[in-house]
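Take a look at this single chain in C-alpha cells; it is the form predicted alone.
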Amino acid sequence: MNSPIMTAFTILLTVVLYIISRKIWIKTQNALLTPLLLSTAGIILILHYSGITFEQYKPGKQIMTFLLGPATVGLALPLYLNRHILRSSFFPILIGIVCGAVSTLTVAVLLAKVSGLEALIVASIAPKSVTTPIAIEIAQIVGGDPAITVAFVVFTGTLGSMIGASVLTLCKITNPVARGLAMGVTAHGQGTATILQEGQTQGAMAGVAMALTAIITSFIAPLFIPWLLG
C-alpha cells in the first residue's frame, strides 16, 4: 500500500472500530466496554497482527487529531441549546468548577507525595485532569515530564469515561448539570464524550467544565503546584 491508501485505511479502521465499540457499549452498558477502551484495544491488536507499524498509522492519527479541534468546537451547539441553564446558574456553576479544579489538582499532588514518588513524577501527575495540550504546557512550567503527563491524562480520561457515570449514579447524583460538570472537570474530553451520550445538557455542561478547568488550572498551577511540592 502506498502512503495515501494506508492513511485512508487507518482512518477508516479507526472510525469503523469506534462505531462498532460504541454499539457494543450502548447495548451492554458495561464500564469495561467503553468505546474508547474497546476501540483502542482493537486497533492495537489489528496493527500488531497485521504488521502495520505505528509510523504507518501516524499520518492518519495526525489527521484525526487535527479534527479534534472542530469536534470540540461542535460542543458549542449543545451549549447554545442549553444556554438558559448557564445563564441562570452561572455563579454556582463557576464556583463548582473552581472548587473541582483546585481539589483534583491538590488531591493528585498530595496522594503522589504520600506515595513517596519523586518530585518529577508528582509534577507530571498534577495536571492529569486537564486536556492534553494544556497539561503538557503546565508540566513543562512546573518541572514535570510531558511524556509522563500525557500518559496520566489519557489514563485519567479513560478511567473517568469508564466509571465516572456509574460512580455519580452510585452517589445518587442525578441532576444533569451536576453530572456533566463532574465529568468535564475530572475526565476532560473523554469524560465529556461519554456523558454526552446521556443527553445534551450533560454534554454542554461537561464541555463548559472542561474548558474552564483548563483555563483555571493554567492560572493557578504554576504557583500552586510548587507550593504543594514544597
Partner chain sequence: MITALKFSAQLFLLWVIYFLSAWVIKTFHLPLPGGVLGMLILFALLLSGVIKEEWLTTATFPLLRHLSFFFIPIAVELMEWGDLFRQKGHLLFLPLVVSLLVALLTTGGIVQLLTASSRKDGGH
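Positions refer to the first chain, counted from 1. Please read these numbers as outputs of a predicted model, since none were measured by experiment. Here, rigid core means the biggest group of C-alpha atoms that superpose within 1.5 Å across both forms.
FYI, the form predicted in complex with the partner chain isn't displayed, but the following is about it.
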Proximity of residue 143 to the partner chain in the predicted complex, heavy atoms at 4.5 Å: no
4.5 Å heavy atom contact, residue 44 and the partner chain in the predicted complex: yes
Residue 30, heavy atom within 4.5 angstroms of the partner chain in the predicted complex: no
Distance check, residue 186 to the partner chain in the predicted complex, heavy atom within 4.5 Å: yes
Three-residue site 5, 20 and 196 fully in contact with the partner chain in the predicted complex at 4.5 Å by heavy atom: no
Heavy atom contacts to the partner chain in the predicted complex at 4.5 Å, residues of 151-190 in sequence order: 151, 152, 155, 156, 159, 160, 163, 164, 167, 168, 171, 172, 173, 174, 175, 177, 178, 181, 182, 183, 185, 186
Exceeds or equals 2 Å, Cα of residue 131 between this form and the one not shown, core fit: no
Post core alignment: residue 212 C-alpha displaced by 2 Å or more between this form and the one not shown: no
Threshold 2 Å Cα movement between this form and the one not shown for residue 109, core superposed: no
Sense of CA distance change between residue 34 and residue 173 in the predicted complex, threshold 3 Å: farther
In the predicted complex, whether the C-alpha atoms of residue 153 and residue 33 sit closer or farther than here (change of 3 Å or more): closer
